[in-house]
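Here you get one chain, nothing else, as structure tokens; it is the form predicted on its own.
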């Protein structure tokens, strides 16, 4: 078979994908509205792309290829407005958040597409449990070797993105005690985790061909890694973020990823280390469990540091790159969250304290996303 060809793309260009919840307006449970919503939204021009996801109570929206934070904000708001207009005509509600607070996975229905049906047949009940909602950020790179380098180097900072984006404290009707419960669902899949520690695109191709030869994978889509190269796009794809409660936060997270990538690629502050992967699962767990209050094991210094402080230090380090990319305002917002403003999981727990029921939490999530001010 032909090896994977890595398509060159504009360095530090980026794109954003968001998985969104479709709710009914009665008790704010998930509802099977994707097909009707997609049919309606396709009738009018809109930016980006809007398509189905694995179950009928969710959709995925994605931007075009972008270079600036301001572009991302404008396009995400345009996509949001198009989805909201269609949802309101159908008497549906749309919400962000990494997991619906009280839906039951057994009641979900697989969206009728060949790939989703295949996944359902392969993974059984796990496919319906995959009714969780994430943000993916693509960062453009110039070569496969650059993609391998950046994937390894970004792995050190994955806890940052988990803690900053965490918005899934509630799952199946209970407070999980995690800031991000969503990633526990992803862990159940056999091809989750991290890319192997290869040193070049040629070496990665050798690994991929071996896996394809075993009949385990057919394409990069079969790997559910936290970060993966996407050779057909010329990007790396960061996949650990919960879907934020607003498009503004989604744009800020993408700008953080872009600025961090600029620093790693241009300054080359370190070289990839196997030790990052030795502590990776532990760091990932702590970030999911405790969010911004987690501890981070720094594989390079062999020390434990406050994740919150590590984010603040990193923001200061990469700020010159953010200024060059015209996204310093996004990093200031990230700083406010890290310094004490809290992540979306804190907002959701506060919403439960204020409202008293998870139904009201879901209602408030939808109001925040849709800007209805309920």
Partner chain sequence: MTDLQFLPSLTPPQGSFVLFGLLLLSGLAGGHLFARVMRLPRITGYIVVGIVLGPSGLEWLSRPALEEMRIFVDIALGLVLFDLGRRIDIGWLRKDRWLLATGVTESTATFFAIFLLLGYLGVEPAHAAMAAAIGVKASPAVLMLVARDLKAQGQVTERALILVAINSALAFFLFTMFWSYLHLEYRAGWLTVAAHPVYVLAGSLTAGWIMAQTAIHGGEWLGKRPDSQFILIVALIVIAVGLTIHFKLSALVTLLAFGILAKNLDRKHALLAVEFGQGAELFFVILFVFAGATLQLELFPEAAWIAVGFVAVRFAAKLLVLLMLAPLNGLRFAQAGLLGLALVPMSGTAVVMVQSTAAVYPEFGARLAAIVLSAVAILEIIGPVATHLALRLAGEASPDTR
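Numbering follows the first chain given and starts at 1. In this text the structure is predicted, and so the values were computed from the model without any measurement.
The form predicted in complex with its partner chain is left out here; the points below concern that form.
Of the candidate stretches 264 to 272, 89 to 97, 175 to 183, 150 to 158, only 89 to 97 has residues with heavy atoms within 4.5 Å of its partner chain in the model of the complex. Within 4.5 Å of its partner chain in the model of the complex, a heavy atom is found for not a single one of 136, 304 and 310. This chain is drawn without its partner chain; in the model of the complex, the residue among 68, 335, 51, 32 with a heavy atom within 4.5 Å of it is 32. Checking 40, 346, 318, 325 against its partner chain in the model of the complex, a heavy atom within 4.5 Å turns up for just one residue: 40. Contact annotation: residue 109 falls within 4.5 Å of its partner chain in the model of the complex, judged by heavy atom distances. Using a 4.5 angstroms limit between non-hydrogen atoms, residue 44 is distant from its partner chain in the model of the complex.
Its partner chain in the model of the complex comes within 4.5 Å of no heavy atom belonging to residue 350.
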